[in-house]
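Below sits a lone chain in structure tokens, taken as the form predicted on its own.
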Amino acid sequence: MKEELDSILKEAQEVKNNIKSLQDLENFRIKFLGKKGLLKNILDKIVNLPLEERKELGNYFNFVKEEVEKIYKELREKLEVGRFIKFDLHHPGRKISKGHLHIITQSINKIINIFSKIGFDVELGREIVTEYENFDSLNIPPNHPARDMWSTLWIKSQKEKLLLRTHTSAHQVEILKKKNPPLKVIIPGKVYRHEATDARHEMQFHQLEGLAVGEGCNIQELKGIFSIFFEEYFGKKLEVIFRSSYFPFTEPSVEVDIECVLCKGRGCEVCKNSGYLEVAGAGMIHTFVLKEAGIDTNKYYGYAFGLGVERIIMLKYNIPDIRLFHSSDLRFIKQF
């Protein structure tokens, strides 16, 4: 049996030079060290020998096994080192694609930059506001029919009534109380409406509130602000018109239309052949709101406006469906 062990060791030493791959090495392991390998067969015979022979052959068996395992280990280390790809330090590195800001974030930053140039500061409000902030402070008391204009998402609370803001106008009185006129601020942020979604409507979207109070604020200045903003944002001069409308917190109130950026005012399917697109609501701040904020209405006037961020992005880039903004579709996101 000792001769068999010598033969196994000799064979292992001879075949090691022929092993060129990890598969060859695995075959080597199975043949010599496996559960049904050559050494296991010898071990099964040794256990049946008398005690003295078993001791003597057992020691020699352990020696042979250690030698074979040493061969296996050396071969494995050699082959695994060879698996690593040689790296050329002078070869140009692989370009790693980087993430970028979402088109909504890019656009809000651009809008803020435009308004900053014409004297507006930036304020950020909370997405959860009180009933007073969202409605009562803006001349929309309980049971007022105007509350039907906003499909509200209410939040259960043990104290005051809370909700997800339906418009960034909810921060008007808060900011007017905090800042002394004259002032000009914009308030960008996400708002929420409990309504069905389609290509033009979402239950969450971004709005930009504009607010200005001073001794000389007037409708003409408001129109000038819009003219400057739209020219900067769309990169071309557009005609801006005001249409009479109604909002509880402005008087007079207007809807703001711009010349259709897609057909250049000639009329198309998007603008319903009118040549104009509605993009914002605005007006002179109602005296009720100014008084709620402690503003002297005999001395100061103000105007406010609300702008849908996704709405003007869709117009600028001819995006057909507002739901794409929240779809996480990389084919859409990577375009911007």
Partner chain sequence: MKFRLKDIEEYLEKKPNWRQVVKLLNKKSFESILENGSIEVDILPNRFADAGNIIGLAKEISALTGIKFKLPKFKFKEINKKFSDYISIECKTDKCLNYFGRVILDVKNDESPKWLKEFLENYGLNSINLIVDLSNFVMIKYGTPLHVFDLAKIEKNKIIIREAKEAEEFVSLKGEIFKLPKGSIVIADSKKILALAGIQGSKLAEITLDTKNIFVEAAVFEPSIIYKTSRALNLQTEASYRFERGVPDINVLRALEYLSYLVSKFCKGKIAKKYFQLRPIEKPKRVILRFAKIKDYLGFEIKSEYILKVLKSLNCNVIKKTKEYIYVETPLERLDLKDEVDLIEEIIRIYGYDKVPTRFPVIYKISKINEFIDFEIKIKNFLKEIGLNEILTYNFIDEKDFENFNLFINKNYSTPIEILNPISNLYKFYRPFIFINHIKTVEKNLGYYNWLKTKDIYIFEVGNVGGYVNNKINEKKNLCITLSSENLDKILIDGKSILNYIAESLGIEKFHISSAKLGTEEFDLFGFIHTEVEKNIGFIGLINKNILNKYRIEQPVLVIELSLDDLFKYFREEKYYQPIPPYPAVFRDISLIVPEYIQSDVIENEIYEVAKDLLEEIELFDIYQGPPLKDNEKSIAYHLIFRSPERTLTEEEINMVMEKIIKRLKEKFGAIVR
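If you're wondering where the values come from, they're calculated on a predicted model, not measured in any experiment. Residue numbers count along the first chain shown, from 1.
Here the subject shifts to the form predicted together with its partner chain, a form of this protein not shown in this document.
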Have a look at 130-138, 259-267, 72-80, 221-229 and name the one stretch with heavy atoms inside 4.5 Å of its partner chain in the model of the complex. 221-229
From the list Ala170, Val254, Leu176, Leu208, which entry has a heavy atom within 4.5 Å of its partner chain in the model of the complex? Val254
Evaluate Pro92 for contact with its partner chain in the model of the complex, applying a 4.5 angstroms cut-off between non-hydrogen atoms, and reply yes or no. no
How about Tyr301 - does it come within 4.5 Å of its partner chain in the model of the complex, if we only consider non-hydrogen atoms? yes
Using a 4.5 Å heavy atom cut-off, state whether Ile285 contacts its partner chain in the model of the complex. yes
I'd like to check something about Glu278: if you look in the model of the complex, is any of its heavy atoms closer than or equal to 4.5 Å to a heavy atom of its partner chain? yes
Residue by residue through 181-216, which ones have a non-hydrogen atom no more than 4.5 angstroms from its partner chain in the model of the complex? Pro182, Leu183, Lys184, Lys190, Tyr192, Arg193, His194, Glu195, Glu202, Met203, Gln204, His206, Val213, Gly214, Glu215, Gly216
